[in-house]
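Before any questions on how it binds or moves, here is one chain, the form predicted on its own, in structure tokens.
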Amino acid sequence: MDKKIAIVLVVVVVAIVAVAAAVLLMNNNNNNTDPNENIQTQLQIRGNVDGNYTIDSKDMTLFNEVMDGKKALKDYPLADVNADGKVDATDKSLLQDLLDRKTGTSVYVVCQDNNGETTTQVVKYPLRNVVTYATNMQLPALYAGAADYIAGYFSKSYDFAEGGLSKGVDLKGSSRTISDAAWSNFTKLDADLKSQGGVGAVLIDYSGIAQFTDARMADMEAAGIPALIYSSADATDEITTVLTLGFLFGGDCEKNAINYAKKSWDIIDYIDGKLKNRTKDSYISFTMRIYIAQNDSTFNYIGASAGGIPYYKINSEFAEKYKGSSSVAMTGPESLSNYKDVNALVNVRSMDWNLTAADIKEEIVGTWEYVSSKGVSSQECFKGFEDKLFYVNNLLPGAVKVAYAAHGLYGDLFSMDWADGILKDFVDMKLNPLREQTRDTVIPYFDYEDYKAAKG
């Protein structure tokens, strides 16, 4: 089943009790003349007229019907291949070049701007010499198989999972800051690549958009460097990000990405089907060990994609207290004292892999017994909720995260063996980040029982 995801999910309220079956829709400030408004698609490329995983002859058939007036452009907005508000011979020529996967073709990519609104950026096919920023965008590029096409990166936080980045230039930024020196390294890299056309695009996860100031975006525009921005921290948005990047890189990357997307949506469809007649469990999401994810945080989406109900949907006091899209540090057990009726606590934490058995035990115990620099203890914060708390590794492919979250929420329907099988399926795809890994070298999930076993 092809899924069609809204182009931008940054500020969409998580009204996704069953997100796997939903079509999420972006309304761009109610501007009915905006050609980007109300676009629903899986592959975020203009020319993907039918909104599925790829661009093929079916898209040309639909395009001709739109061009001939047999179908309405408002129903098939991606028939406007060059985003000029009309469908004509220029669009048809561009679409044919896309069908032919013609080198040098201008590809009109639907993505976000730095305000979170839907926009269209133009890149050359096949996309090469990209620069990446933030783990949540870097992993989708690597999952698409694009390690050879990453010319540079601003930061790398995980030695093994992001190891494929090392083929590019380290621009010496950090996971939270792009310094002026790092930006100078970026502009130098672009100059060094001029004989190859310069930097092909900068790939940005929206969570890090603050580093791309108006002045820096203006610098990129002046240099002809497009910014491809996605909310790829969200587990389902990540699927469309992998798919779109795979198409742009072309060749085996496109094949990898289509396989990745189909496998991912099959998993989410399966979860949705199993939960159709099931009373849904509520959950509160956490990140950085002791931070409560606010209502619109992308960390809330994993539980929703797994069929849970975000707790703010059923508790108005919690909803008011945690308005926003970031996270709030807990101060102690009083932070959760009013929410004892919640069914589960979903803690999303990034953990590198290629670990030994000793590493895994140390990571689990260290996470469960974490004490912040301010003296706030995880064990104290979650006291009385131990049996409701579980951790999911945020570095895993989106659908794998959702599978483990489904196990944590509905263990009677989704066994650990089933979730481990999903992880193995993605390992068997031989994607760069998960190369040669097994369940014995990766921590995908752990709960109180796993903590007690690791503690010995």
Partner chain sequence: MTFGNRSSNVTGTKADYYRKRRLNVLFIIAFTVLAVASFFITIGFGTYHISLFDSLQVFIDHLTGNIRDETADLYIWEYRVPRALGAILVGCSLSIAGVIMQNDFRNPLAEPYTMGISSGAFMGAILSIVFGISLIPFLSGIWGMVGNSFLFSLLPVAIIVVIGRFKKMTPGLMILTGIAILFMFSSITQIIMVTAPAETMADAYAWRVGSLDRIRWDHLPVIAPLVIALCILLWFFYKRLNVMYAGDKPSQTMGVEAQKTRMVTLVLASLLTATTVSFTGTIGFIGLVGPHVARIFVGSDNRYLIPAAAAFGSAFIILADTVAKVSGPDGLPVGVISSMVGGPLFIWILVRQRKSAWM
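Residue numbers count along the first chain shown, from 1. Values in this document were obtained by computation on a predicted structure and should not be read as measured data.
Although not depicted, the form predicted in complex with its partner chain is the subject of the following passage.
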State yes or no: in the model of the complex, is some non-hydrogen atom of Glu334 no more than 4.5 angstroms from a non-hydrogen atom of its partner chain?
-> yes
How about Phe299: is it within 4.5 Å of its partner chain in the model of the complex, going by heavy atoms?
-> no
Tell me, yes or no, whether Ser373 is in contact with its partner chain in the model of the complex, where a contact means a heavy atom of each within 4.5 Å.
-> yes
Can any non-hydrogen atom of Glu380 be found within 4.5 angstroms of its partner chain in the model of the complex?
-> yes
Identify, from the list Asp266, Asp252, Asp159, Glu317, the residue with a heavy atom within 4.5 Å of its partner chain in the model of the complex.
-> Glu317
Here the chain is shown alone; which of Arg176, Lys274, Lys194, Lys74 has a heavy atom within 4.5 Å of its partner chain in the model of the complex?
-> Arg176
Please name which of the stretches 93-101, 317-325, 201-209, 126-134 has residues with heavy atoms lying within 4.5 Å of its partner chain in the model of the complex.
-> 317-325
